[in-house]
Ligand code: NAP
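Below you'll find only one chain, the form predicted on its own, shown as structure tokens.
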């Protein structure tokens, strides 16, 4: 199968290549790598011998591929996808960008949750498969077993999203801010007699001053939190918050929409998004049954006991970074009433929130083609 890769050098593309190499997914594929800026340069070594980069804006070269997988971003998709389709290309387009997610003929891919729908879409001749929003995907990975019962009336999701969700430049700026805070506080840290309030005042001065690079975030992210992600849309929501309901319902294929809403916040974690969830049930479900439903959904989620040691050991970005596991913890009934549950979940958004659904979509396509 001829497969072309675009955007393979960025954060998501790099993780995708890493995962495909680890799982030996490149075996049996005729791979072409495209570049928007370095056509004719050396293609990455995937064990198939040397090769040259092709021009990512060359529609004829792109159309020669049976499958195109792109992590290049929304601007590229907007420019290239319609032009390819208008030219008559009917190959399979697999994309990490949000541009096509809500198109009627696009299928959102998260196969542990909607694998049957993906396979049916291939039978039906669909050929546009898109990775969903990272926090939506991670929420559904954690809660799908409970949601599938039909007993969830609504969900409020308060997110804590890592810097890597905005790309490599955002990660670098976060670390630069951390370094600058350390540099300007070093003389106080080196003196054990320094009062905590003095140290705090120095950090606050750095955060509010002009010595930090804020080109990516527009403000200090290190030592802080930014309660705004993406642009404003309707009813005071940001676009990131809007995605929660529309994309979750499209993945789940529910005939009656499941309300999902909340606030999206950027925090100073490097990798992995976390979410605090308030879940309203239609009727009482015992917590033992809730645990069984979540644990039984698929192999990558498990309930972490609601205890301090378990939570701080297994339910943090540091614990799950680089892992496919999406643990769910802090599960308990709320004082709001017997039908209210709270939960906390965390997952690596560069994996299940971005690269892994694309990798697995290619695997499902290979199975379909036999």
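From a predicted model like this one, the values you see are computed outputs, not experimental measurements. Positions refer to the first chain, counted from 1.
Heads up, the form predicted in complex with the ligand isn't pictured, but that's what we're talking about next.
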- Item | Pocket accessibility after superposing the ligand in the predicted bound form (3+ atoms within 2.4 Å of backbone/C-beta) | open
- Message: Which is the contacting stretch out of 71 to 79, 192 to 200, 85 to 93, 103 to 111, given heavy atoms within 4.5 Å of the ligand in the predicted bound form?
- Response: 71 to 79
- Answer key, the ligand contact in the predicted bound form at 4.5 Å (heavy atoms) among 167, 223, 227, 253: the residue is 167
- Item | Partner-contacting position among 248, 264, 134, 143 - heavy atom within 4.5 Å of the ligand in the predicted bound form | 134
- Query: Quick one: is residue 37 in contact with the ligand in the predicted bound form, heavy atoms, 4.5 Å cut-off?
  - Reply: yes
- With the cut-off set at 4.5 Å between non-hydrogen atoms, does residue 285 touch the ligand in the predicted bound form? no
- Might residue 357 be said to contact the ligand in the predicted bound form, defining contact as any heavy atom within 4.5 Å? no
- Query: So in the predicted bound form, does any heavy atom of residue 293 sit within 4.5 Å of the ligand?
  - Reply: no
